[in-house]
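Before any questions on binding or motion, here is one chain by itself as structure tokens, the form predicted on its own.
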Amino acid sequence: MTSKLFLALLLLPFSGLAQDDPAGVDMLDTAVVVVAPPTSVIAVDHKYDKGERIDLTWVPSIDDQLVEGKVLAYRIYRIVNDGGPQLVADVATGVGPYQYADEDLHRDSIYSYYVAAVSSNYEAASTRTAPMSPQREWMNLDRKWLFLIALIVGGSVLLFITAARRGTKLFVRKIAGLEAVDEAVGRATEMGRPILFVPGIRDMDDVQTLAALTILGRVSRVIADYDTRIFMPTSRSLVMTAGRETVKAAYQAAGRPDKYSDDMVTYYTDEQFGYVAAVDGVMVREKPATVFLLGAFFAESLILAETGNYIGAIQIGGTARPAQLPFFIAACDFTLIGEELFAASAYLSGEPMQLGSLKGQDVGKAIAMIAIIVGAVAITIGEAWDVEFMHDIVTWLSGVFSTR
């Protein structure tokens, strides 16, 4: 009897579990879920930046790989200058790769990190990384080939400028539209009709407008020599001022400053189609013998070119906007296509610095053309005959000319 009583008293604390006591369930639910820590935590300085970033990688906990849902997240802690740990971020599990970029750091501080695998009520921390500071790199060595190409092009520009200053005649392809300037102005003089010069609808901050004003200088010089009238309607006040100065300088250079008038260059409106309507009105009323459409044009290009074609004028058009070039080609007698508009200043002036720059840029274009041809041939052979070496060439060329 005594032994039975002793056995009952011994089992009394566990009787609640045997009878599904709610207190026993709470004890099971609050049990600690132990997980293994992540390993191989590595912190490295991010290359080719201003010294503001450290990249962190780690191998996930084995419990994250073996038991789904046991590891809920990875917490990244940062220690700055041997201070206390700071929670930086929580990284979700199961998404990989397990990495984190810590940004907006300071080069004069020392950082170390550790990563903790987190379960529902437990953190397993890894060992700390070695202390380090982010470093600034002054040169991006991944772009060394692009730097070499820039040196070749820049050296070519200097070489051609030096050659032009020494009197070497540099070949520049003839541009039909610019060759026809004298003929077009002469035709207007013979017919006793004016010349209309439209410099586009953009302001002086557009390089196409600057190129148009360069051509205007040459046209104005010929007009001053032939004593021909010119109308230059503008849609920007600054373009009007620059146009007046250009035409005035041309008349002074020709020895006829008394023939110049501010009425030659006028301002109408900044509104696109209001300006177009005004220019078309000038064309219909004055019936110019020659029309120059040079600069930045948009939807109004065909309207202007068709009106000039309707009145029977010789038209020389030019723009760097590819979408408008077909309209000029269809309706104008001569068209400056794309870069021909920008090459006009070197072509017309013959100034050594401009000619040397133009020829040096041709070297860069030649390099790009060779790279395109080699890349096209390599990728064709690589895809057709599955030649791995050709794929490597394409990958290398992509890296050379990458801007990232």
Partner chain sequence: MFKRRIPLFILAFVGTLLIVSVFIPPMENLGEDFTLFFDIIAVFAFFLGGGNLVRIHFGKLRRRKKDWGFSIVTLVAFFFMLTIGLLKVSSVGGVWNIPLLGIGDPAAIAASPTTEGSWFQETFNYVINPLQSTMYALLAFFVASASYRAFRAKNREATLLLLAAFIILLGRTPFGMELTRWVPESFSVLQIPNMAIWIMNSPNLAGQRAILIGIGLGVVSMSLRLILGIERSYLGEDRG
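Take the two forms, superpose them, and find the largest set of C-alpha atoms that agree within 1.5 Å; that set is the rigid core. Residue numbers count along the first chain shown, from 1. The structure presented is a predicted model; accordingly, all values stated were derived computationally and were not measured.
Here the subject shifts to the form predicted in complex with its partner chain, a form of this protein not shown in this document.
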Q) With the cut-off set at 4.5 Å between non-hydrogen atoms, does Ala224 touch its partner chain in the model of the complex? A) no
Q) Asn309: heavy atom within 4.5 Å of its partner chain in the model of the complex? A) yes
Q. Would Leu302 sit within 4.5 Å of its partner chain in the model of the complex, counting heavy atoms only?
A. yes
Q. Can any non-hydrogen atom of Arg136 be found within 4.5 angstroms of its partner chain in the model of the complex?
A. yes
Q: Would you kindly say which of Ile161, Ala124, Ala73, Val282 lies with a heavy atom within 4.5 Å of its partner chain in the model of the complex?
A: Ile161
**Q.** in the model of the complex, the one of Thr168, Ser261, Ser120, Gln272 near its partner chain [non-hydrogen atom within 4.5 angstroms]
**A.** Gln272
Q | Which of 192-200, 126-134, 287-295, 327-335 lines the interface with its partner chain in the model of the complex (heavy atom within 4.5 Å) | A | 327-335
Q) Using a 4.5 Å cut-off on heavy atoms, what residues in 122-154 are near its partner chain in the model of the complex? A) Arg136, Glu137, Trp138, Met139, Asn140, Arg143, Leu146, Phe147, Val153, Gly154
Q: With both forms fitted on the core, give yes or no for whether the Cα of Gln252 moves by 2 angstroms or more between this form and the one not shown.
A: no
Q: Answer yes if the CA of Ile337 moves 2 Å or more between this form and the one not shown after aligning the rigid core, and no otherwise.
A: no
Q) Fitting the rigid core first, would the Cα of Arg202 be found 2 Å or more away between this form and the one not shown? A) no
